[in-house]
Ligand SMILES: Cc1cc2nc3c(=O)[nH]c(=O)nc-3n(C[C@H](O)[C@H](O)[C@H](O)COP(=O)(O)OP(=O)(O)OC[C@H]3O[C@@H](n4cnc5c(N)ncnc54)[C@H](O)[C@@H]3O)c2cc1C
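For reference, the chain that follows is the form predicted on its own, supplied as structure tokens.
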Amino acid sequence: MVDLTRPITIIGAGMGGLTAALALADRGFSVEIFERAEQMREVGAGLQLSPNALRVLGGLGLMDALLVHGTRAQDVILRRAFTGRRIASIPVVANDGMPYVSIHRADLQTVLLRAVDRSPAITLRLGASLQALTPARSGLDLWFTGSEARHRHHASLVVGADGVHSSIARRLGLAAATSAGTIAWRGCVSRATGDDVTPGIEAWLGPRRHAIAYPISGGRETNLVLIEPMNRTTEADPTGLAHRFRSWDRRLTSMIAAAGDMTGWPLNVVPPTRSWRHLDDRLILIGDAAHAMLPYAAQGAGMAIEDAAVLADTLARAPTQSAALAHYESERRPRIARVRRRVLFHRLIYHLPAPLSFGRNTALAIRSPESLGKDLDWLYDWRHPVPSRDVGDD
């Protein structure tokens, strides 16, 4: 087993970093998290937690708190862009009954931060901006600047969970994340008293564009996401959204109008060939820092949360740190590759122009919801396999 007396250092207090800290503490490790932000202010609006992610968070004792803030979904409803007519319904509850929940990012962050604060094994340091990292005897020396001025921190293992634009990746000389050529516009629509809450995820599929809506904040708001090609016009002109979607389903265009100014987020991806293990297994990348992908399968947060669980388990079981990281990578890479393929499939299918979209709609409509749901069993029914014996040396 890896030495439990030596704290593990996590860079980044996003969803992946906070979950990793909780999972490691649950396995007996002490953890220090360094976050460059002075205050924890979550940006963005909503996200979707599929059963594979909720299974991990539930195992950490967070399910009840998440369900207070989140809204359970039974299915994803696919709709035609211009008429709103239903194409198909895809069940998203796992075979073991584990739910699918839509939630505000700030609510998820609050649940995670409260759990971190309750754990005596975790220390969170805000306002710590990483400036340099250098190999040192039995680990790495990290240099931070912040409210405490410049200071050095020695780490035996560093977990890089600092997102798609990872400062660690940049300092390692890794190829930067690249633009996917698309932009996601995000906004919220407040639900008026008496309005019905949509108990699921809705997606409108159109040529080169799609839109998604789902309830957040306990159903008091609807999270709206519009994804379209990015160019100088779209990036600089959020007010043109209503015009570009003007011929779509009237219910959707009403939500766009109600959302007002929406925030644009250019979508970026990390090269699939990016290395995760570095500096003689003194550093491992997880989450978006390792494998940021497009949001077409709503698995960005889910994959980071899975990473956290698998990393904590392999570190607790392996005889050496190198053995743990080798086993972690061998288990995660095939899973991430399969999710990437599903993401690319969704991107193609969602944005088909006519007449190809007619064939897509027909093919989906003739299948039963149960049949469509089975296509995602491999994704939603995932459990981290518990080895029958300790992880061996690599």
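Counting begins at 1, following the sequence as shown. All values reported here derive from a predicted model rather than from experimental measurement.
One more form of this protein should be noted, the form predicted together with the named molecule, which is absent from this view; the next part is about it.
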What I'd like checked is whether 70, 111 and 115 together line the named molecule in the predicted complex, meaning each has a non-hydrogen atom within 4.5 Å of it. no
Answer range among 356-364, 28-36, 333-341, 57-65 for contact with the named molecule, defined in the predicted complex as heavy atoms within 4.5 Å: 28-36
Within 4.5 Å, heavy atoms only: does residue 252 come near the named molecule in the predicted complex? no
With heavy atoms only and a cut-off of 4.5 Å, decide whether residue 288 touches the named molecule in the predicted complex. yes
Report yes if any heavy atom of residue 301 sits within 4.5 Å of a heavy atom of the named molecule in the predicted complex; otherwise report no. yes
Distance check, residue 204 to the named molecule in the predicted complex, heavy atom within 4.5 Å: no
Between the options 169, 87, 98, 128, which residue brings a heavy atom to within 4.5 Å of the named molecule in the predicted complex? 128
Which residue among 81, 267, 316, 155 has a heavy atom within 4.5 angstroms of the named molecule in the predicted complex? 267
Sequence-ordered list of residues in 13-40 near the named molecule in the predicted complex, where near means a heavy atom within 4.5 Å: 13, 14, 15, 16, 17, 34, 35, 36
